[in-house]
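Coming up is one lone chain in structure tokens, specifically the form predicted on its own.
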């Protein structure tokens, strides 16, 4: 199977590159492209079409996106260009060669009022990020009935910088000695990118042979926690003090977020083997390199 991965320099893209390494995927990146990556600007429609025509992938994993809600609110034109317009271009180009595209979307397409959300639940995004991801979903599903939307919640994994994931960025809360509050209002389901990538790898074996592998699916970590609870877990497993932190039970500032957008993953569980590993085990391994010697 010939596989193309967009956003291969990003958190999820790197994990997918590793999980599919035996198939030697075509990896595409832009600002952080490294040796071996195809440098592709997804907002360049002609370049995207030419790339698809040249490499003719059987499967495209579209992981590239602007994911930070506050940036999305403040840079709406750029966000729309990447999350919606580029997604439409890619989905339509894939459809022309009968390739299947898997679009990585988000739980933020829901308003968080009636969890858990099934794949058929009505969407009602609260912020511009969620709006553009929902528009991207529609573009993908309209381009081909063979395409797939896979919604996932907050992601974490082996980061290059702590700020690459809102989960690993919480270590800064522990390392900042000033007393302050951490979000204890939003209920999240932190999902390890290695689990997403391995599940996609498991699933890919049947995608070409099963015509019913299409439409919308959900995948999520199994543990429900607030950011304050994540920080406390980090402190416990890393032996760090968290007495300077307190729970903030009010909605966080910035772009509006859903309080609980839990995803029902039953449809995907019926299709393939899902991997869900322990937050404690993963986060300890991931954060250890970032702990200062004097901490």
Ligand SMILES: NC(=O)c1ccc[n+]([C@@H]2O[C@H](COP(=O)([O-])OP(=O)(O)OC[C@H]3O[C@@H](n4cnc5c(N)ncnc54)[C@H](OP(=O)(O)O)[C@@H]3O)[C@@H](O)[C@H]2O)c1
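Positions refer to the first chain, counted from 1. The structure displayed is predicted, hence computed values, not measured ones.
In what follows, reference is made to the form predicted together with the named molecule, a form of this protein that is not presented.
*Asks:* May I ask you to choose, among 266, 43, 259, 70, the residue with a heavy atom within 4.5 Å of the named molecule in the predicted complex?
*Replies:* Contact with the named molecule in the predicted complex is made by 43 alone.
*Asks:* In the predicted complex, which of the listed residues (125, 153, 157, 115) lies with a heavy atom within 4.5 Å of the named molecule?
*Replies:* In short, 153.
*Asks:* Choose one stretch from 88-96, 134-142, 207-215, 162-170: the one whose residues place a heavy atom within 4.5 angstroms of the named molecule in the predicted complex.
*Replies:* One stretch meets the cut-off, namely 162-170.
*Asks:* Report yes if all three of 10, 32 and 106 come within 4.5 Å of the named molecule in the predicted complex by some heavy atom, otherwise no.
*Replies:* Affirmative, all three are within 4.5 Å.
*Asks:* Are any of the heavy atoms in residue 82 no more than 4.5 Å from a heavy atom of the named molecule in the predicted complex?
*Replies:* Yes, residue 82 sits close enough to the named molecule in the predicted complex that at least one of its heavy atoms falls within 4.5 Å.
*Asks:* Looking at the partner-bound form in the predicted complex, is residue 63 within 4.5 Å of the named molecule by any heavy atom?
*Replies:* Contact check for residue 63: yes, within 4.5 Å of the named molecule in the predicted complex.
*Asks:* Indicate whether the named molecule has at least one heavy atom within 4.5 Å of a heavy atom of residue 110 in the predicted complex.
*Replies:* Answer no; every heavy atom of residue 110 is more than 4.5 Å from the named molecule in the predicted complex.
*Asks:* With a cut-off of 4.5 Å between heavy atoms, is residue 129 one of the residues that contacts the named molecule in the predicted complex?
*Replies:* Yes.
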